[in-house]
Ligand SMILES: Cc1ncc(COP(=O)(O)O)c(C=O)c1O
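Take a look at this single chain, the form predicted alone, given in structure tokens.
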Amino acid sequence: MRQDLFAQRVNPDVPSALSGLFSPDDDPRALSFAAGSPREDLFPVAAMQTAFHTAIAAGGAHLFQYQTAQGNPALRAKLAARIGKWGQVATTADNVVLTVGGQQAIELVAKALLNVGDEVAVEVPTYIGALAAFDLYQPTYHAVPLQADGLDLNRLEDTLKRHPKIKLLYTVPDYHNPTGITMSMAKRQQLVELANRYNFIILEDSPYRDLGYTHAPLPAIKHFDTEGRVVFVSSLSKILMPGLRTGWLVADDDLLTAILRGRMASDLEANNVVHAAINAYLEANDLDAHVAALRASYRGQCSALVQALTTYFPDEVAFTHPDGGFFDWVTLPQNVDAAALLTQAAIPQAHVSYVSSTNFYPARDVHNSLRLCFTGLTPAEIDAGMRRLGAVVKAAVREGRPVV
């Protein structure tokens, strides 16, 4: 087919930020720390099977009919109540939109706000899927670094002063993907104040907020929203099952109207059968008890990873100490290229895979870091994988392997 017929946003010569992330390794010893996947043996399969039967029996043929673009009203009400309880966000079902995973929610916000060339601020490093969604609309990016307690707000304000046309800021404030960092409560409030002052929208992406290992979730950024400038996005993929492909967002007023218009053009309406089943599951089961079991397991896996990094990696390497979520961020010496290390040593020699740092920056210009996901592996597997990866990292540091 003639490529000159394609829209520039899907130019096949320009790879998506999501393409080629997970390198194959057929060796039986292979351990993947790459994909941000939850543990399958923790999925409530039997309870969800019952929930599907319950929903179909109650809804009958009408359950399979066209319903509504916003999604199942009863499920939306439960999610509104949940973010009210755990995020201190006062909202209702009318302001909740169910989406095909959190990824569609991000893309819908991008569709509602961005024209070609529009200016977007993103924390760096940042979630790969958000960059993939934004890239379709060909924005101008402004990178804002992270600190130990979240976005560097001084750098953000300097950027806003120099680029007053920034219209969207994207952040993952809770157990950040990819670093595991959590934004402090003070910064959440200050960020909303900056949005009001400089006239931009905050896209708050928070699929991990339930998975804190040491404390209850902080109030959402949306809690501090006084002008309807914050779109809160979350997902059931990390606390229930990814295959249900159910995310959700909370928005207000004309911003909600714009998002719904994009939603109807995209897929007309939500997956009512799946959402009715999720609603039935929530009626019959204690989601908070299930989440507590997830936290207990992931807490041990996170601890195993941090201990293994401490034991097996050289002193020249730094890493985060997350207290929730799925990820740890590892920073190598400046002259070590994490992508080259992956293909030249980590996979062929150690049979361990991860995601290298270039994928998490809009300019793809940081080479010496990597993301590790610990939730899909047992503590024993984590220890074995980090022992093997640590050996190749030590060799690379000794060799002073250059960026290539």
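Numbers follow the displayed sequence, beginning with 1. On a predicted model such as this, the values are computed, not experimentally measured, just so you know.
Only in words, not in the display: the form predicted in complex with the named molecule, which the text now covers.
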property: Heavy atom contact within 4.5 Å of the named molecule in the model of the complex, the stretch among 144 to 152, 222 to 230, 283 to 291, 237 to 245; result: 237 to 245
property: The single option of 207, 324, 139, 125 touching the named molecule in the model of the complex, heavy atom within 4.5 Å; result: 207
property: Heavy atom within 4.5 Å of the named molecule in the model of the complex - the one residue of 180, 102, 87, 71 that qualifies; result: 102
property: Partner proximity in the model of the complex: residue 170 to the named molecule, non-hydrogen atom cutoff 4.5 Å; result: yes
property: Contact test in the model of the complex: residue 195 vs the named molecule, heavy atoms, 4.5 Å; result: no
property: 4.5 Å heavy atom contact, residue 106 to the named molecule in the model of the complex; result: yes
